[in-house]
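As a starting point, one isolated chain is supplied in structure tokens, in the form predicted on its own.
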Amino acid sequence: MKVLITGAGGFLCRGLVIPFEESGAELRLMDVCDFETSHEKIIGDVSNPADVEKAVAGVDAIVIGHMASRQAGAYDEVELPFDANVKGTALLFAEAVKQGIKKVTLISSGAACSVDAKKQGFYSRDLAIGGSGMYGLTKACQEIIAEQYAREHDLTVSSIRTAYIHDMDSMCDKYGKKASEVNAQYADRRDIGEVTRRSLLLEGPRYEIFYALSTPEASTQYDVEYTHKTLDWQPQFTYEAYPRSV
């Protein structure tokens, strides 16, 4: 299986690709900025139809891992987050249909359903879509696009909802912020990658929502049990050596 991964130069996807590499998958990696890799590389903008057409040509599956920067101010206006998160996602799904690609996985977030989750006190798979702020709005839009394309075009699509994306080895997040203790929201980027890889092995057509988090405590706040059962997956990076925060 040849897999296109977008946002491949970012913090999340630099870890997400590791399980794919270990499984021997053929990868095509795409980002808007140049980055180092031993895999096939495309520098392009997911909001540009010509770049998307080139990136999708000849692959068997797509992982939508890009998102607009979370740096300060990036979500203060509409254009940048909607171009990357929403328009880019829609273009990738449209091109997948055009080129006959049947398997797509979206890296989403609990932010896509955070309004209902806060009411219920638990992130289940059947929450109403609805986020807070510009980031939550764009993640909600991504999931709406993913579900509709799966339903209308008989695709096998998974939305992977995660929380605090992290790296257990360095104990740092994408900003280089180092943690000394962890909680239920921690998700090592390699665990997210393995959930993503396994989601592409599902037979369809179908639309699935999977929570990908790493610590045992995650099950108190997120429906990770469905992910464990459906994908025959258990997290590798459980942060066992680190103290827990409240």
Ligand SMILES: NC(=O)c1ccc[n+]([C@@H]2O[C@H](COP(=O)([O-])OP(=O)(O)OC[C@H]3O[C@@H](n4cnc5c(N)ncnc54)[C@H](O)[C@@H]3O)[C@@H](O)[C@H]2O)c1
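Quick caveat, the model's predicted, so the values are computed rather than measured. Residue positions are given as counts along the sequence shown, with the first one as 1.
The protein also exists as the form predicted together with the ligand; that form is not presented, and the subsequent description refers to it.
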{"item": "Interface stretch in the model of the complex with the ligand - options 155-163, 126-134, 113-121, 94-102, non-hydrogen atom within 4.5 Å", "value": "155-163"}
{"item": "R197, R28, R190, H66 - the one with a heavy atom within 4.5 Å of the ligand in the model of the complex", "value": "H66"}
{"item": "Heavy atom within 4.5 Å of the ligand in the model of the complex - residue from V46, A61, A218, I209", "value": "V46"}
{"item": "Y226: touches the ligand in the model of the complex, heavy atom cutoff 4.5 angstroms", "value": "no"}
{"item": "In the model of the complex, V32 touching the ligand (heavy atom, 4.5 Å)", "value": "yes"}
{"item": "Interface membership of F11, the ligand in the model of the complex, 4.5 Å heavy atom rule", "value": "yes"}
{"item": "The ligand contact at A140 in the model of the complex, heavy atom, 4.5 Å", "value": "no"}
{"item": "Residues of stretch 87-117 in contact with the ligand in the model of the complex (4.5 Å, non-hydrogen atom)", "value": "I107, S108, S109"}
